[in-house]
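What follows are structure tokens for two forms of the same protein chain, given separately as structure 1 and structure 2.
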Structure 1
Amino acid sequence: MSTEMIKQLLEALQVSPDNVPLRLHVAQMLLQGFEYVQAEEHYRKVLELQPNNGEAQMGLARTFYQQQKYSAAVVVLEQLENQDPGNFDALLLHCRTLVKENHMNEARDIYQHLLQLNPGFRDDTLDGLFRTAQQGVSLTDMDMEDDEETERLFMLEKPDINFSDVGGMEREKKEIELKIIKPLQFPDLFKAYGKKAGGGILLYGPPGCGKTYLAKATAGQINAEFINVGIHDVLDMWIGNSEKNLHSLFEMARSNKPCVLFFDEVDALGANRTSMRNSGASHLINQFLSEMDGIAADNENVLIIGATNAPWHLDPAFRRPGRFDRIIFVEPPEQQGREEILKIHLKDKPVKDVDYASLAKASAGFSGADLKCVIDVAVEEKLMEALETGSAMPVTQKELAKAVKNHKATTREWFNAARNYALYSNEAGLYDDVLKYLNIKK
């Protein structure tokens, strides 16, 4: 993938942002260049302009597949197949995605349909998998393995970090303190006002800005147990087991109070039900909402934190009072925060004459992940020099400044998409913080 060509095409898109063929071309180039996050944002933009664009739907599904967002890929593929039932590429990707999620029976049915559409088609990998599933492990053995896996995945931990280890994020920490920490410190006072300790917080913002790290630091700040939940920890190939897994997670949290239950990429588990054809996914969302409500159990002192890069894809029911009723925008670190992050990442590396303040100033808009990438590039350049000369030299301001200059903030693509939602789908003011960050007045 030519970086210069991509740059020129992106500049052309700034002039003509609604040029669908051009945006699709950019997305395809990014996909081929393994830039899946950026490709995803462009495909999403096309679908905002043309919701039934099949090429964009297929491209978006492929980006989800490559990022291992299999549940999200299935949702998009089902929409595409509803529009075009004979779309061979969509059916094949759907089959492979279901295999990744261990939904072997559904995958086998789609594979048989593919063979009917094209009798000469064969996929040796899929053929082998289906034969193994048919002839291999018994259902009882698989259930036992699932139980062992559940115990292994649902692990409690006591984080050894707290807010003092988080660079910047003063606004975010203050909001969490009011919602979580103060109710635990002054329970009687909060009860007098009808407030309980616990509840839900939704962290959203561009990728790489420290949402997971902040959630873990929150648990460490209040000396609470921490359960980090990924989508594959919940989803199961057998009907009803996903709901059981989710219930088990909440029960573990309730048995180990105070506890922070953290759901990464929560939009994949709680996608908007109006766009779903999969009844199983809808049942899982209903279970999720029921667990958050604590109808059959006491959720006091259980904090549920969700993190997402796309809050607009989350089912609106999750934002009702008592659920994710506090939504916090985790923005790219400010200048002081960037300086702190640079110092943290360079702490154990050989450095000399580094002007952290100037590097922080030059890296406006960079995420924490961007800053880490900058340091990696600078270190690699110095390492190559050391291999040629045979002597190790410290990383200096020169290498770091060069890396900052050559790196483009990955948050830009996210803000391009978020800006549209903040301007045109923001009736409740959920994304006002995005407009404030972008210095846009409504």
Structure 2
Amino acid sequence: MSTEMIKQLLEALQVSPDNVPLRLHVAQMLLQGFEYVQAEEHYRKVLELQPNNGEAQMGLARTFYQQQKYSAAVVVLEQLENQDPGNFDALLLHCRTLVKENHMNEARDIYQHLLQLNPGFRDDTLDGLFRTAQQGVSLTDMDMEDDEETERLFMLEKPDINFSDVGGMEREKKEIELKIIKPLQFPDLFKAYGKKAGGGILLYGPPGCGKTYLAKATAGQINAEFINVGIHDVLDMWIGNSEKNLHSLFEMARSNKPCVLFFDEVDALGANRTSMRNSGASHLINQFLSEMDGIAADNENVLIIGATNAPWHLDPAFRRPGRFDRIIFVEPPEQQGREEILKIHLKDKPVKDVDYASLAKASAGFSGADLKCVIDVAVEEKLMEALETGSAMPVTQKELAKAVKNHKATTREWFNAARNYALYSNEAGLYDDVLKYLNIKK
């Protein structure tokens, strides 16, 4: 962003001072350019014209946050939350503000609320903070250098699972094998055909069917490092105005090759670009895309896997060649897969007389997470019994069959939404696999 451009926009504003979209745009550019005092002024002017303009309120709160006017930020954020108690962005910034002010109990409450709103939401920073708080360490001095912060936010791990821990999913595993594993094993051969190891895979499908699990197992399969990035963490980086962090994240992956860089909830980043643009995160998106393209650096052997429940919200720019150019539908396991998943998760538990085949048959539509839940319920029942009778007995078919019967598959709802997209916005056959799963003929 050039100062020249801002100058021109400011001149335009003098001509039409009541142009709210223009003023918001200017304010946002100033915010991005670290000009918080000026940005604040413009957000205030918008609010004079439109006191309930949510974007201006959010922007104002951000400028306050950046200027360390934390109580002022809280006032604005509470207004936003009164208007919409489910305003995720406001709640998240509120949470971080409270952390800065060392109000850890309140921050923890909001954090829990965030998790209720979006059970998939993870935030390593906040997790870490709460743990630190419990240990009584001071939180006042949290500012760190970019790289350090990146390392703190995103951890490298060597997964202890591989494909043998993943039940079923033969099709998914095969695709990953072809796109990710073979190119690593036979780089010369792939090079001879002008192909490089790298690029991205997008996993999509209903919740709990093993996207995250599969990504992790992929890293384990090739003995690679694994970095699990929640897109909300990346968006937080934007709040912290440290886009350099995104770069250091990719750099971290590049210097730990081979590495699987996993982006969870990637739709949050690609979602509905205009709203992202308005919230000022658009150049974060652009930076993400060019890091993915590997324009400035070599992404060879950095394997990028994205996951989403809502691929239809993802901007098509994310699907261009070299980006998430292979899209894999991760569907609920078939009977055989369900049987394997049950066996995998009951492996280390005391069981007796279990008829895996009949349990698998009775649990059509269940996700891997559903099956895990069934096992938990059955184990719990046995545990209660053991507490009462004083003798520990293995889990049997009886408890498991009962738990299966009482559990409702959690994947149905997702298919209700997916069916519509698959039928009516199935460009380039993107959702053919969903139609196939639903037995719908094109």
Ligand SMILES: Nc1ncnc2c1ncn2[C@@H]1O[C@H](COP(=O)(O)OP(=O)(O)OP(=O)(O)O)[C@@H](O)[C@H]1O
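By rigid core we mean the largest C-alpha set that fits within 1.5 Å across both forms. Because the structure is a prediction, the values reported are computed rather than measured. Counting starts at 1 and follows the sequence of structure 1.
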>> Pick the form predicted on its own out of these two and give me its number.
In response: 1
> By the 2 angstroms cut-off, has the C-alpha of residue 419 moved between structures 1 and 2 once the rigid core is superposed?
Replying inline: no
> residue 361: with the rigid core matched between structures 1 and 2, does its Cα shift 2 Å or more?
Replying inline: no
> Once everything's superposed on the core, is residue 165 shifted 2 Å or more at the Cα between structures 1 and 2?
Replying inline: no
> How many Å does the Cα of residue 399 travel between structures 1 and 2 when the structures are matched on their rigid core?
Replying inline: 2.7
> Cα shift of residue 386 between structures 1 and 2 after core superposition, in Å?
Replying inline: 4.6
